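Okay, so here's just one chain, in structure tokens, the form predicted alone.
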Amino acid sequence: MTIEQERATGELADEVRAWLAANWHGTDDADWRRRVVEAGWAAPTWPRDAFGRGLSRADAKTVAAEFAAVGAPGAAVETRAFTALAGNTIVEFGSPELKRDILPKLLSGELTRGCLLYSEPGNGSDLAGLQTRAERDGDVFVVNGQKIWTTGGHEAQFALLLARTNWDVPKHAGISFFIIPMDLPGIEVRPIKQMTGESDFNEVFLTDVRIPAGTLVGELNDGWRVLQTALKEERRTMGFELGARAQGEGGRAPIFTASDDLIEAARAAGKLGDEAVRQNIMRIHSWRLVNDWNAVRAKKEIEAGGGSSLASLGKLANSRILHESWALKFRLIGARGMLYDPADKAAYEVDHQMMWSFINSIGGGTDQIQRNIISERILGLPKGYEPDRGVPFRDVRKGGTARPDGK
């Protein structure tokens, strides 16, 4: 850090401390959250017209540290979960009205539970083949269609919705992006029973749902471009914990500690000296370290405004790491893994996590989609054959809920 940077950091810290001294009285309530948002401390890296201050990530850490020092909550929350996913999308594409109405609710914690109305039962991994339609009727759009694999849809306060608004252009060009409340008339949520026994995913049926035209994010029929920002945030959180792991206790670097969990599992099973187990541990250990190093690259590129392709690389790598890590632990517990009984807490967790790890291969774009992105955008390989390229979506062969006229 240069002398000028140290001086600027010190001045920022002084400004935050002065503001906290005047405003923080030890009570975390709605009024406090509102003041943090309006002062720009809740999202320091967002621009000023989006309740931010246009600061760097490093400056945001300074802000967060000053808040933490006095026990004040609510600072620098713009990178968290749905606040990041929905918030960054609105910051980049939302109208002034959407920014005014939605961003303060995301930053203050008034809106915390969201869901993604993207996937549909008739088009698999081909998200651009969606058939849910939104038809303009005066000041509203009327939405009809079906979504599936909607994580948290049963408890969501709001949703990011993709719907087709033009059937006479190629499939990517006729999609629009909306942010809607989930309590509107005509929205029905049905939980899906998973192999883990839980119901985190849902089917969502939209029948004549009337949504205000002002919920449109970005331009009409430009939803595919808007979606890329939302997907980038989703894949970033599923693939990387931005930045490599911190050093463990005692200052030991991740190269010595990244596989402590696997070593403990092998020790508990009496397999620490098994050559095959040792080889497996080292292979997974190498993947974890490489993914951490890629996370550092991704962090730099995201800070510079890019990062979508590297996020795909991290998400794909993390799928393999999760699958192989939990599969190894499953093999190590032996016959106990056949029961899936909560009475055996340790074995139950291994069983559960092994099944749950497959969500990383499906949510946020499947592993196959990530491979396509990596091949085209990182490796520079040519695109594969696209039979529907340039064809109006109305004339593309499709299944699911299309009408006889292709709509």
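Don't overthink the numbering: it's just position in the shown sequence, from 1. Model, not experiment: these values are computed from the prediction.
What follows is about the form predicted in complex with a small molecule, which we do not show.
Visitor: Applying a 4.5 Å heavy atom distance criterion, does residue 58 contact the small molecule in the predicted complex?
Guide: Heavy-atom contact with the small molecule at 4.5 Å: absent for residue 58.
Visitor: With a 4.5 Å heavy atom cut-off, would you call residue 119 a contact of the small molecule in the predicted complex?
Guide: Because a heavy atom of residue 119 falls inside 4.5 Å of the small molecule in the predicted complex, the answer is yes.
Visitor: Contact with the small molecule in the predicted complex for residue 364, defined as at least one heavy atom pair within 4.5 Å: yes or no?
Guide: Yes, residue 364 sits close enough to the small molecule in the predicted complex that at least one of its heavy atoms falls within 4.5 Å.
Visitor: Taking the small molecule as it sits in the predicted complex, is residue 369 in contact with it (heavy atom to heavy atom, 4.5 Å or less)?
Guide: Because a heavy atom of residue 369 falls inside 4.5 Å of the small molecule in the predicted complex, the answer is yes.
Visitor: Quick one: from 149, 141, 326, 167, grab the residue that has a heavy atom within 4.5 Å of the small molecule in the predicted complex.
Guide: Checking each option against the small molecule in the predicted complex, the one that comes within 4.5 Å is 149.
Visitor: Pick from 93, 178, 330, 201: which has a non-hydrogen atom within 4.5 Å of the small molecule in the predicted complex?
Guide: By the 4.5 Å criterion, the partner-contacting residue is 201.
Visitor: Based on heavy atom distances of at most 4.5 Å to the small molecule in the predicted complex, which listed stretch, 278-286, 218-226, 110-118, 180-188, is the contact stretch?
Guide: Among the listed stretches, the partner-contacting one is 110-118.
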